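Shown here is one chain on its own, the form predicted on its own, set out as structure tokens.
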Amino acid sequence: MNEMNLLIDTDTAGDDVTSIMMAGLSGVNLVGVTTVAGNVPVDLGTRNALITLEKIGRDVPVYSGAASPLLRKLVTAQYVHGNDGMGNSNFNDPLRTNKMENAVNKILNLSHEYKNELIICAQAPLTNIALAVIKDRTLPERIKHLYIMGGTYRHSGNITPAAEYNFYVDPEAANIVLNAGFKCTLLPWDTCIYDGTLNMEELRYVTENNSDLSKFYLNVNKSGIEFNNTNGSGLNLNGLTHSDSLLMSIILDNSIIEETIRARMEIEYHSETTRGFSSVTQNNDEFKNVEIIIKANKNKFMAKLRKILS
């Protein structure tokens, strides 16, 4: 088996942290982490990525990227993840700092350094990836695979009835990336609800486990648990959704995917009412730009989560 060369593009808060932990402890070649404005402002997301990597003992370079969406004012999700994006845990500052090179330039440089061998996990608004495409339209030709957490297929969104958060924050970027020509697999919000949502009983192994990483995970996600428990998410859930870490588990083990559809997905960016809406068509004569994961193996995902937190 060839070594996996992986880049994570993230707006580090909440479950993004779990995803980074999962990748960092998996043994893959994590070539870098690029950060973008989303859940939290980009400087805070960069800090959180550095804290997470330090927590798991990985000296992976972090590159700060876009501080705002392409055309819109930033909408953060600190009401879910806490003011610091880490459950208001107020962790000490990391010992390391981010690299000076801009994330967009680094994505392009890594695409040459690991030509046809680089896998990108995009678990945030797609601003950095879109800017890289705008700068170099040939980027998709050099990327082995792009995995995206974003959009919806059969379910209402998690920020508006029409839209999932990542695509709502920067719909123009999402539309650019999905139409750029990447070999692309997408994990939509509804699959995360069905197969990546764990209630507190299912998380009992973690809550009863006294490991350092379990404590870290629970501290980071305590605001998210409270948000869900007060029905802020509309899911009536006493527990957590694991969108980014479900995607990461799939990247690390494709057997977690149980069902996909090949489809054409376009993102609405003209109407404010339906901003970020994912329009999916499967007509035979349609150009199909994405593989959408519509079913994942929840038990295999839970096993991976428990393993990294043990």
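As the structure is a computational prediction, the values presented were derived from the model and not from experiment. In this text, residue numbers run from 1 along the sequence as written.
Form predicted together with a small molecule: not shown, discussed below.
S.K.: May I ask you to choose, among F182, Y217, W189, Y147, the residue with a heavy atom within 4.5 Å of the small molecule in the predicted bound form?
M.R.: By the 4.5 Å heavy-atom cutoff, the listed residue in contact is W189.
S.K.: Out of S278, S249, S243, S64, which one falls within 4.5 Å of the small molecule in the predicted bound form, going by heavy atoms?
M.R.: If I apply the 4.5 Å criterion carefully, the residue I get is S243.
S.K.: Using a 4.5 Å heavy atom cut-off, which of 206 to 214, 161 to 169, 97 to 105, 112 to 120 contacts the small molecule in the predicted bound form?
M.R.: Residues of 161 to 169 come within 4.5 Å of the partner.
S.K.: Is there any non-hydrogen atom of N39 lying within 4.5 Å of the small molecule in the predicted bound form?
M.R.: Yes, contact at 4.5 Å.
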